[in-house]
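Encoded as structure tokens, the following chain is the form predicted alone, with no partner shown.
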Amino acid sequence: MAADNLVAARGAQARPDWPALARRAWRRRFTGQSMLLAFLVVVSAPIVLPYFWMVVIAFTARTGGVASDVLWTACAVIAPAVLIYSIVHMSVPAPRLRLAAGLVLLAIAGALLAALIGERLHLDNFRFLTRANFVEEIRSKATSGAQFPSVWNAFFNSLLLAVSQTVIILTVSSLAGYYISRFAFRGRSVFLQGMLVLHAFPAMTLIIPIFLMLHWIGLLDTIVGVMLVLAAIELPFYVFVMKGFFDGVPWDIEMSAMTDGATRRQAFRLVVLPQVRFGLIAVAVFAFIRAWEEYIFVRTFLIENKNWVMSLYLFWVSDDVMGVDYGIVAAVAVFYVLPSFLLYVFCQKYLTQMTIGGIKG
């Protein structure tokens, strides 16, 4: 009897205390996530704060002092709300409770912002979008004598440049990447090395030769000329990226489709391309943003104001009216950033899921 009691006592001592272990693991996970969150906040603050300040100036008064007051007031409300939601998100396992807590915090923060800075917010700085006399207003404030076009003219020029370059890069990089990945030809390794070498050289060194070439062929001061230049400079990198995605697609599924009667073109279009859709989306997003934010080449190759893009429009507005009207400059900057921001927001779930296959020599 005593021996049985001794065995039972030893078994009870050897049994793990699962609730204590769970609490210890939760504390360890919570501490690690808190430290990671603090690190990300410290690192991202110098990047996020200037954009936040730009938005605040765009929706507030025309002087920097009032905008600074609004900025710090908004930070005093938004920063604690974000911190509280982060703690709730890490500590509450139920998604519905996290959503409810987020909605409550959003309502409270919105009410506080409306009460503290609501009367200082306005849309007058965005009058360049609708008022026809804004061009004359800018000309009267301008110091360089530049003839400002309509912002919509610059916007559609930027859109034409970005969309056209994206289509060209997607088409050429997908076809070239597929061919390099699937077919063995003489000089293949040298060709891949050459693409990397071409992308390694600074593009700034090519401005003068490209300027002369565009002048000789009649494409200087045209959107088409800039589009072709940007596409040619960026294509080696995107071809190499798409080759990596095609390398990750097994050859067996393509051969199975061809065995079932599909042609090589049908197998490429119906079987292979859906497998690399994340790569296509990533290339499209990066190519669009790269063309949308381009400044050096458009500043060099576009001369007439009718061919201005948004980067040139923002530069000349900043150069001519900075110090006179901060609100206009910030509003134009917000309008300029908005398409890239929206594109990234809608495509971020695809960008986070993409994987690049192994690179074959």
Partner chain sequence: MARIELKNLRKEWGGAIAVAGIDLAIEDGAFVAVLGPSGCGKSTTLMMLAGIYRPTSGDITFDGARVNDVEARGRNVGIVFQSYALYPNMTVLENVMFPLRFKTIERTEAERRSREVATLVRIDGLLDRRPGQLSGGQQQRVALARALVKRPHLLLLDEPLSNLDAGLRLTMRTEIRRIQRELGVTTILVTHDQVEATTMADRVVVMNSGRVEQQGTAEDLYERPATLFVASFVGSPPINLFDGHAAGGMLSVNEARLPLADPVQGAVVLGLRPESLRVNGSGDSGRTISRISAVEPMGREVLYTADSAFGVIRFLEAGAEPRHRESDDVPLGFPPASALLFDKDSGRRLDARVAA
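Residue numbers count along the first chain shown, from 1. Because the structure is predicted, anything quoted here is derived from the model rather than measured.
Below: the form predicted together with the partner chain, not depicted.
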Using heavy atoms and a 4.5 Å limit, would one call S164 a contact residue for the partner chain in the model of the complex?
no
I'd like to know if D252 sits close to the partner chain in the model of the complex, meaning any non-hydrogen atom pair within 4.5 angstroms.
yes
Although the partner isn't part of this model, could you tell me whether S256 comes within 4.5 Å of the partner chain in the model of the complex, counting any heavy atom of the residue?
yes
Consider P274 of the chain shown here, and say whether it contacts the partner chain in the model of the complex, taking contact as heavy atoms within 4.5 Å.
yes
State the residue from I87, L112, A81, A262 whose non-hydrogen atoms include one within 4.5 Å of the partner chain in the model of the complex.
A262
What is the one choice in A107, L270, L123, L97 with a heavy atom within 4.5 Å of the partner chain in the model of the complex?
L270
If contact means a heavy atom within 4.5 Å, which one of 115-123, 274-282, 151-159, 99-107 is the stretch that engages the partner chain in the model of the complex?
274-282
